[in-house]
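One chain comes next, on its own, written out as structure tokens in the form predicted on its own.
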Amino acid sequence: MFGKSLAFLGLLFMSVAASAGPKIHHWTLENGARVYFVETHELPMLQIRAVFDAGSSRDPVGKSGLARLTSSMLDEGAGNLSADDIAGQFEGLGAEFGAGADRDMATVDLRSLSDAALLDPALDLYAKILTAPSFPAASLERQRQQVLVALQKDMQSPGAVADKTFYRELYGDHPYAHDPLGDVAGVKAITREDLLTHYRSYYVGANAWLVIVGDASKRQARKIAERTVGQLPAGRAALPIPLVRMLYSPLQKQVAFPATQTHIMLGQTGMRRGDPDYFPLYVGNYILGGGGLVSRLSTEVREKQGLSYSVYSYFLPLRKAGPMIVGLQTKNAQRDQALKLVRKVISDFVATGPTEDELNAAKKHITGGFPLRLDSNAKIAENLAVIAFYDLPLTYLDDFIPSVEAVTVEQIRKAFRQRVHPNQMVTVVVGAGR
């Protein structure tokens, strides 16, 4: 999914022009599904990703984890095929299938060789999984137990405890507060009928986007779209999720945990996809804490004071305002000192912004590394799915480097002063008490 760094050009670009983005073809099927296609013949491969507005933000009250469990159950049975049948057929075709769900979206992936003798049966199987999953009861119980085991492991991980607590405290009763994996009570309450209801409501044409990248012509891509998501009922697009609340006062949550290291997360609501301040905040955050060892936070907290081996910050833009997060781990005895210093570095950056030298170095690193972040069909498809789902301009990849290069110190200062509020942040501290 999207994680702590936003992946964005690669070998495809090199095959066209050093600074040109891929040509994106876009059309809409009769059932409402929107299709995005990039043609590239460097490898005899095809990468397909179906995207649905069916992430954990769609989980009903008391059934947290439904979206993730639904996606994980898709290949447990389809039509008259069992999970073993499906796995065996994909393996025999040299194809790979995957599915998952985050807070905003659910994804269903197929990677196959483009040879028709292998691609055609792989597409037929993929289409059957998309259009006729059977959600067998026995598989549901097995998957449920796997999720419950994963949740138990999370309870024993201070990092996972910090992450889940942070989202709950930041988002309150908003759907983004729920962890996509769910919680014990919610996962135990999910029934097969819940899976069917979620699937029938959200896995429909009007709620779907299809990304196709690789060794195919536009004519072939049209046929692929029709025989996969084109077979879904039209249905209806999901209703908009609520706006995210703004915090106007600080909140700190201490969680006792028996560990030698304290995990700290602090932050606030950040920005949505397509936000007008995206590039000033993105470039500014690279300087603050997104640039690894060259960032302000790393220099001050790690290098100068030795208070943490790793300290970072990032924005995670979502359909509504995603979080801006700062995180670190430190010795229990140093946590107050480390937290005080982190807050000071954030406050100083918001107050004064970066220097010209910091900005120039950040631009060089971001633009220099950009070509390595789309060096496979899978990475191109992932970025194309973001463009599709969040309705970003088709020129987004073309515009990325020029947009980074156009950012000024003053734009960063203005964006951070208006959008980042050090005195209104949620702080979560997970570690041994004193």
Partner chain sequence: MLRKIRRLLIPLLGLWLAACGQTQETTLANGLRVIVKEDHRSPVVVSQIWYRVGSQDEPERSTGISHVLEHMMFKGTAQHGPNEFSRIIAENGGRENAFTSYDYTAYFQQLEKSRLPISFELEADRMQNLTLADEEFRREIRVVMEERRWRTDDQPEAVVQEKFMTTAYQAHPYRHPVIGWMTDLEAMTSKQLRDWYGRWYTPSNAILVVVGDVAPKEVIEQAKKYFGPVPARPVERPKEVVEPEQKSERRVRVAVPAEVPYVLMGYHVPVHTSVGHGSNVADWEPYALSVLTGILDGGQAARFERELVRDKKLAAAVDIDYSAVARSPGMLMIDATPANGHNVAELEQAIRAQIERIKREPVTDEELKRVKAQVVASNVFSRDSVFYQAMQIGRLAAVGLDWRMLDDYADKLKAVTAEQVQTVARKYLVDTNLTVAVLDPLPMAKGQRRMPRPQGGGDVR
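Here, rigid core means the biggest group of C-alpha atoms that superpose within 1.5 Å across both forms. Treat the numbers as computed from the prediction; the structure is a model and nothing was measured. Numbering follows the first chain given and starts at 1.
What comes next is about the form predicted in complex with its partner chain, which does not appear here.
With the partner absent here, would Y286, P371 and D375 each sit within 4.5 Å of its partner chain in the predicted bound form, counting heavy atoms only? Yes, all three are in contact.
Would you point out which of 307-315, 342-350, 245-253, 128-136 contains residues with a non-hydrogen atom within 4.5 Å of its partner chain in the predicted bound form? Partner-contacting stretch among the options: 307-315.
I'd like to know whether M45 contacts its partner chain in the predicted bound form, with contact meaning heavy atoms within 4.5 angstroms. The answer is yes: M45 has a heavy atom within 4.5 Å of its partner chain.
H365: touches its partner chain in the predicted bound form, heavy atom cutoff 4.5 angstroms: H365: contacts its partner chain in the predicted bound form.
Evaluate T330 for contact with its partner chain in the predicted bound form, applying a 4.5 angstroms cut-off between non-hydrogen atoms, and reply yes or no. Looking in the predicted bound form, residue contacts with its partner chain include T330, since a heavy atom lies within 4.5 Å.
Taking heavy atoms only, is A116 within 4.5 angstroms of its partner chain in the predicted bound form? Looking in the predicted bound form, residue contacts with its partner chain do not include A116, since no heavy atom lies within 4.5 Å.
The single option of G79, G172, G94, P240 touching its partner chain in the predicted bound form, heavy atom within 4.5 Å: After the contact test, the surviving option is G94.
Quick one: from R302, R272, R227, R192, grab the residue that has a heavy atom within 4.5 Å of its partner chain in the predicted bound form. Checked against the cut-off, the match is R302.
What residues, if any, in 215-237 have a non-hydrogen atom within 4.5 angstroms of its partner chain in the predicted bound form? None of them.
After fitting the core, Y396 CA displacement of 2 Å or more between this form and the one not shown: After core superposition, the C-alpha of Y396 moves less than 2 Å between this form and the one not shown.
Once you overlay the rigid core, does the Cα of G369 travel 2 Å or further between this form and the one not shown? It does, since the G369 C-alpha is displaced 2 Å or more between this form and the one not shown after the core fit.
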